[in-house]
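Just one chain follows, in the form predicted on its own, and it is written as structure tokens.
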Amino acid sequence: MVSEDIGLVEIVKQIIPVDEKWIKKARERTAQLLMPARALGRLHDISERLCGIQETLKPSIERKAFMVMAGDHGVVKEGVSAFPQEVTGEMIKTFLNNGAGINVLAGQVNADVFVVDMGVVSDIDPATLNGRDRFFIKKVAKGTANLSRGPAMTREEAGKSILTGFQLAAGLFNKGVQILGTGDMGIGNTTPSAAIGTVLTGSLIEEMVGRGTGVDDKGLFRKQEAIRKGIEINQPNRKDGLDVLSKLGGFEIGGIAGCILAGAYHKRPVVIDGFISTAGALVAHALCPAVVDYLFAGHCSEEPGHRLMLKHLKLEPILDLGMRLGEGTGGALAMCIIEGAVRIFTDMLTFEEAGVTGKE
């Protein structure tokens, strides 16, 4: 069990890279499987990485879960989204009623879906909801401040959001969850994600910023200008992930970063979803570069900057389907692939077991 008083410095100090020894052992087993050398391509890389993360030649991801982090954003006042802010709270109810995309796709891999109010403007009474046992109210504040006019949150709030995500994910790992997917919900959250991506990858704003929920050309320009102003006014320090999160981020992005740190701390794989989840991964990586050893990129989003984020993290997406929904949907589909990789590694016969003559 992790102490509730543990701080970020202590968490980071205890995260170590994956032991390459286990990956080497896994490759040796792969070489014995009944097929031409590495005939299933990247499936072998996936299963071998899982062996390294779990430090075993019998990897298992039977217990799966998704943590959907929700938060609202003050920057929506700049006209950066095609949808009103009320949708965030309404979508939380849909998640808990099992009616959203993530519910459908998580159900396909038998994964539980948990939802966290990290900082939604509306107050949601859990007593009125189905699935309230899967809902955590951990509101840091009722939405962030407008990042284009000043810091999105205080440094203390940024730290709290990360530690909240860490403790929630740690709780799932302690209950037996073997692989965790990250998801998000928050109207306007592609704007802070793009701001974080611009700073931490060193990219141009025009390269990083996309249309999110589908804004028109004027909306795209407003997003770019809001981010430009935010970076100029706040002067975030790209060498300090907490500073970047506090000045440009969102509470749900901090929560996702915390989930990623928890995965690395507990030596559990974490499947990140799209643009917003990868912004959280960038923050976690800035705090502790070793976390990438424990990450799988579920897919590459339609958002133009997502590919730049993944390149910065040196992660290759498992899927590339032109998706841009968020919620964890790309990660859920990728878990089907990850599960297939595990089953090939653990269930397929070797040449010797099958009594087949191997390569001379």
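For every residue, the number given is its place in the sequence shown, counted from 1. Treat the numbers as computed from the prediction; the structure is a model and nothing was measured.
As for the form predicted together with a further copy of the same chain, it is not shown, yet the points below apply to it.
In summary, among the residues 289, 126, 107, 150, the only one with a non-hydrogen atom within 4.5 Å of a further copy of the same chain in the predicted complex is 107.
Residue in contact with a further copy of the same chain in the predicted complex (any heavy atom within 4.5 Å), chosen from 112, 133, 206, 86: 86. Each of 42, 81 and 333 comes within 4.5 Å of a further copy of the same chain in the predicted complex, counting any heavy atom.
By the criterion of a heavy atom within 4.5 Å, residue 159 is excluded from the residues contacting a further copy of the same chain in the predicted complex. In the predicted complex, a further copy of the same chain sits within 4.5 Å of a heavy atom belonging to residue 349.
Residue 30 falls outside the set of residues with a heavy atom inside 4.5 Å of a further copy of the same chain in the predicted complex. Although the partner is absent here, residue 358 sits close enough that one of its heavy atoms falls within 4.5 Å of a further copy of the same chain in the predicted complex. Stretch 321-329 is the answer when you ask which of 321-329, 304-312, 49-57, 22-30 has residues with heavy atoms within 4.5 Å of a further copy of the same chain in the predicted complex.
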